[in-house]
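Form predicted alone, single chain, as C-alpha cells, below.
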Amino acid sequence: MNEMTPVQSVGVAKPLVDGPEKTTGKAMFAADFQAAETLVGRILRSPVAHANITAMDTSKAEALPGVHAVVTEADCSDTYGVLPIAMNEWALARGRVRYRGEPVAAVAAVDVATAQRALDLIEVTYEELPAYFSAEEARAEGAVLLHDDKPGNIERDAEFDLGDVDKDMAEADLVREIEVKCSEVCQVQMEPHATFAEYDGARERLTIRPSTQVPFYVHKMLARTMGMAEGHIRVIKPHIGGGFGSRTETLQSDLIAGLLARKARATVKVVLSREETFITHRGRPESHITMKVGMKSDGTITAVDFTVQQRGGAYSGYGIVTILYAGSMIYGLYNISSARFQGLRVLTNTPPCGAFRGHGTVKTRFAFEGLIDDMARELGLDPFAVRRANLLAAPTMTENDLLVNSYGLDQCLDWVEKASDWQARKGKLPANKGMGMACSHYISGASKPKHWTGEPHATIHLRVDWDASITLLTGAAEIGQGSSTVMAQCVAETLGVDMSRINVVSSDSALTPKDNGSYSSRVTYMVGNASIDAAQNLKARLIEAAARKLEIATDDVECLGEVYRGGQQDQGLTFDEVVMEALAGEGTITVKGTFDTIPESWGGRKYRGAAIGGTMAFSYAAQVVEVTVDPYTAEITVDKVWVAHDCGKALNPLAVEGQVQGSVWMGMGQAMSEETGFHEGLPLAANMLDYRVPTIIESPPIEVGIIEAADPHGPFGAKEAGEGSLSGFLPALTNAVADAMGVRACELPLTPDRLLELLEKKARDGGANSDRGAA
C-alpha cells in the first residue's frame, strides 16, 4: 500500500489492542494492585437464609490489634440498585438478611489472618424467619414477605396481549404446548470479583479500581451509598477477566471496599473467594416456562401464548428488566402478529439473579424453538422450511414496537443449511446420532440507559498533539470483548490512517467522558458511532489546516489518510505536517463525537420498544448442532456446530468469530452441565470443581459463517456479535438429541441422568416419543 492510499482498518482481522498486555502478563487486574500498607478487606456473611438481625457487637473485632476498620449498615448512607425504581438493597444488610451469604459486616486489617480473626469476633444475633427457596414456596398463601412493598413476593409482573391470540390460535391447523424448566446458571468468569480502593484523607477523595462492566454506575452507587459528592470519587476500571453480565450491576464488594477505605482512611483491597464470587454471581434465574403455539399446515405461526416464572432471589437487581426481555423478545426474530405473555419475577431466599449474556431471551427461545421443531415434525415439514415460512421483511416494526431495520436471518439459514449438508445428511446419520437446528437474535443496545441523565448515549474525545499521535478517550468498558479495538478501528478508518497512530485511554472518570457501560451489546453500536463522529470532526479540522497551508479552498483538499493534497500533481502534505499546521496558534486539539438513539417515532408510530427500551438493531443467528448419544450412559457428545451470525458488518472478523464461538460455548455449558443448586439456601456447587463448565476436551469444532446484512444506522453497518448466537444452541442441541433418540428434553441442563430417565420412559412406553411435560 502506498502513501497515497488510505489505510483500511475496518473489515480487516486485527489483533486486540490490549492483547500484548494480556499475553505477556503485564495487564493489571483489580487484585493485582498493591500499595504500601494496603489493608486486606474481608466480608462477614450471613449463615442463615432469612432472619431479623436483633443484635450485633463489633467491639471485640475493633479492639483486635491490626484491625483498622469495621463497617456495618450504620456506615451506609442509602440503599443501592440497578435502576432508580429498584433501590432496595443495602451494601451491608440492614436489620434483616434475606439469603445465605448476604454481607452483614466487613473489616479491614493488616493481613488475611487478622481480618479473618476479626470476622470471627463479630457477634451477630439472628431471629430466624421462614425461608423460601423456590418460586412456588415464596408465592404460597401465607408466605412471609421478603419486602413489605412486594405483595405475594412478586418482584415484578409483566404482561402483554397483542393481536387476537384466541382467534388466531383457533384458526391454526395445529396447536401444541410445551412446559420447560431451566436451572439457574452462573457466569463463571475467570477473574473473581475484586476491588482496590484508595482513600486520600487529606483531600477526602476516593479512588477505586473495581472489576466492573459499568464504571459510571459504580460511581453513582458509591456516591449514594457513601453519601459522598460524585466529584470526590474517581473510578478507574482496570483490566477485567470476563464479565458476561455478572458485573453489569454495582457489586457489594465495590461499595464495601469504598466504605472500608474511608473509615480506615487508607488503601483497602477486597478480593472475593471463588465461593463468594458464586454467591455474588447475579446470574441467569431458574425459570419455569409454559408455551402454546398455533401453526398453519404450511408452517406459518398464527399465535403464541406463554408464561414465564423466574426465581429472582432476594433483591431486585437486574430482574425487573430480565422479565421484560423474556416476553418482549419473542418478537423481532419471526413474523408474529399475535402473542400473549404473562411474566412473574418472584423473590426468594437465594442470592439475587441478574443479567447473563443474552439475558431474558435464552430460556424463552429454548422453549419456543423446541416446540416449533416438534410441530414441524408432526406436520411433516423440514425445520428450515418452518423458519423460512415466518421470516420478517426489513424495515418493519413488530407488534410490540421493536424496530427491525436490517435482517439477515434468511442468509444465516442458507449458510448453515449448506455448510452442515443438512438436506443430504438429516435423517440419514448412523444410530444414536442426530442433527438439530435453531435460530436466535439479540439487541444492539437498549435505547434507554439505566440512569437517564439527558446526555448522549455515547461520547468520545479525540486529542491530537505535537507528536501527531491520536489519543482516543472513552468511558466504555473494555471487558475482553474487543471494544477498545473497535473504536480504534472506527477512528482509523474514518481518518484513513494506520491504527498505530491511535492510543486508547478508557474508563477513568478523571480523564474520560462518561459512558453507560458494557451491557446489552451496546458498545460497538453506540460508541462505535460516536467514534466515527469524533473522527469526522477531527478530519474537518485537519482539512481546514491543510487548506490554509496549501492556500486552497477546503472543498479542494483531497484527504488520503497519511497525505492531504490539492490535486493530482500536488505532492501534498504529510499527516504530521497537517497536524503541525492545525496546532499553530492553537495548541492541542480536542474534538468530541457523540451518538444518540433514533427519535421515539417511526413511520407515524411511537417507538417505545415494549418497555424494554427499543433497540437500534438486531443481530440474527442460525445454527446446526450434530451430536452422538451413548445409549447406555446417555452421555452426549457434541460432534460439530455450524453457526451463522448476522453482525451487519464485521468490523473485526477475527473478534467476531471469537465472540460467536464464545457464545456457542457458553450455550453448551448451560444446555449440558451448568446448574446452580441450593440446599436450604446453601449453594451446592460454589466452586469450579463441582460446577461443571465445559473444558476444551468437551468443546467441539465450531464453524462460523459471518453474515453481513448491513444496518443503516450501525457504524459502517455493524450490529452486535457477542450475544445473539448463545440462545440458539440450547434448542439446537435438544433438537439434535430428539433426532438421535426420539425424546424431547424439557429440563436443562440435559445431564446424562436426566436424559437416561427420558430414554427409560420411552422404553416403558413402548418406544413412543415422550410427552412434552417437564422431564
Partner chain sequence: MKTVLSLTVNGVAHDDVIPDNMLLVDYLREKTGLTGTKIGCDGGECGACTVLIDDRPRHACLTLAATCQDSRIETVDGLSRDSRLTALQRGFNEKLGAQCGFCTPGMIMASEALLRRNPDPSEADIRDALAANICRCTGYVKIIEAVQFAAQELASGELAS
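What you see is a predicted model, and the numbers here were worked out from it, not measured in a lab. Numbering follows the first chain given and starts at 1.
Note that the form predicted in complex with its partner chain isn't included here; everything after this is about it.
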task: Look at the candidate spot formed by C186, P192 and I697 and say whether its partner chain comes within 4.5 Å of a heavy atom in all three of them in the predicted complex.
output: yes
Of the candidate stretches 713 to 721, 31 to 39, 737 to 745, 53 to 61, the one with residues having heavy atoms within 4.5 Å of its partner chain in the predicted complex is 31 to 39
Touches its partner chain in the predicted complex: A27 (any heavy atom, 4.5 Å):
yes
Requested in this report: Using a 4.5 Å heavy atom cut-off, state whether G242 contacts its partner chain in the predicted complex.
Outcome: yes
query: Given that the partner is absent here, does L16 sit within 4.5 Å of its partner chain in the predicted complex, heavy atoms only?
result: yes
So, in the predicted complex, is A202 in contact with its partner chain at a 4.5 angstroms heavy atom limit?
-> no
Partner-free chain; cross-checking its partner chain in the predicted complex, the single residue of L542, L371, I702, A115 with a heavy atom within 4.5 Å is I702
Answer key, its partner chain contact in the predicted complex at 4.5 Å (heavy atoms) among D401, E657, E493, E417: the residue is E657
When its partner chain is considered in the predicted complex, the residues of 453 to 488 having a heavy atom within 4.5 Å of it are I479, G480
